[in-house]
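Next up: just one chain, as structure tokens, the form predicted alone.
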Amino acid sequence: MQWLRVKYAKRGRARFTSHRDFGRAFERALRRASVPMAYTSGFSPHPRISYPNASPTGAASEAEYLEIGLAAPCDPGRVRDALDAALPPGLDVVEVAVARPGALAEQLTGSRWRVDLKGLSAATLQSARDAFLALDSVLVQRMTKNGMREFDARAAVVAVDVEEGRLIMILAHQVPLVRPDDVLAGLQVASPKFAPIDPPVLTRLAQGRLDLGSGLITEPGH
């Protein structure tokens, strides 16, 4: 069995696609592209697809990853072209490569995010950022499938850079996973004047192995 690593993007309106909806669309694309999938054994076989660390619904991304198991070897470039043509607009296959040994999830230890905050000046963002980073911990709450959960949003933040109307965040992947919207909630805790009017637009720019010392993120397989 051959395993391929797929890097894909969620762009435009496709960012509102849920993880479950993406899974359905991707399996349809595999059939349309005639990719020779390997299947699990048992009463109800499923295609061998691994989805580690998907972005939240509503977030765009340039760096989502999954792995697929094939029943026969295929050229990664041809699989990329066929899948990209078969997926709906906005769900774009960026790269397909032969997967290297080891679990993909272990290679995804951090992400870099762009958070667009319309109407907020760089001075307002800088003040909230400085107040947030000055704290040792910032507790926030988020509703999960297991109910309301409280966790430390500060612990996962490696760096936050400020631009006009925008934040660039580097987040370490921890348990529980801290998302950019959790950090925004933490900014409001640290700085009550931080009050975005319009919904933020979240975009994952990179994902991979995070060097905590430098903040650099190396894509899996590189």
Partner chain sequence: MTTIATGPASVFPRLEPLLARVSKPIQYVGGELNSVTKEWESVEVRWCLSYPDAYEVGLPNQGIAILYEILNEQDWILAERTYAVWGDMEALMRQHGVPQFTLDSHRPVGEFDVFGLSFATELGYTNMLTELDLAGIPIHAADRREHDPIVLAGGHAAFNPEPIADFLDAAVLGDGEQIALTISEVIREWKAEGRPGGRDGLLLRLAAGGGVYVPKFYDVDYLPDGRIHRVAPNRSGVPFRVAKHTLMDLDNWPYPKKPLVPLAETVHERYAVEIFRGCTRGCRFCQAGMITRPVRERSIDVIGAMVQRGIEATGLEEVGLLSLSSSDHSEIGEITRQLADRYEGSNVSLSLPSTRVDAFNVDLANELSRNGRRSGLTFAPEGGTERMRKVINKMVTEDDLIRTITAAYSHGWRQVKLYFMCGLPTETDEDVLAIGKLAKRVIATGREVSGRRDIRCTVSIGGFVPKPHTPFQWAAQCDHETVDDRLIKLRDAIRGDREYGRAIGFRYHDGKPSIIEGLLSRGDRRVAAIIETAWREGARFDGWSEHFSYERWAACAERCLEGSGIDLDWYTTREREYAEVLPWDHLDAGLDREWLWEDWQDALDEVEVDDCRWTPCFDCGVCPQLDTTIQIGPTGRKLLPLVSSSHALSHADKSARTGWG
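Every value quoted in this text rests on a predicted model; they were computed, and no experiment measured them. Residue numbers count along the first chain shown, from 1.
What follows is about the form predicted together with the partner chain, which we do not show.
Contact with the partner chain in the model of the complex, judged by any heavy atom within 4.5 Å, is made by just one of Ile170, Val35, Val178, Ala59: Val35.
Taking Leu117, Leu125, Leu108, Leu91 one by one, only a single residue has any non-hydrogen atom within 4.5 Å of the partner chain in the model of the complex, and it is Leu91. At a distance threshold of 4.5 angstroms between non-hydrogen atoms, Val79 is in contact with the partner chain in the model of the complex. Using a 4.5 angstroms limit between non-hydrogen atoms, Arg15 touches the partner chain in the model of the complex.
Contact check for Val98: every heavy atom lies farther than 4.5 Å from the partner chain in the model of the complex. Though the partner is left out of this view, Pro73 does reach within 4.5 Å of the partner chain in the model of the complex, counting heavy atoms only. Listed stretches are 81-89, 100-108, 148-156, 131-139; the contact stretch with the partner chain in the model of the complex is 81-89, by a heavy atom cutoff of 4.5 Å. Although the partner chain is not shown here, in the model of the complex the stretch 5-30 places heavy atoms of Arg13, Arg15, Phe16, Thr17, Arg20, Asp21, Arg24, Ala25, Arg28 within 4.5 Å of it, in sequence order.
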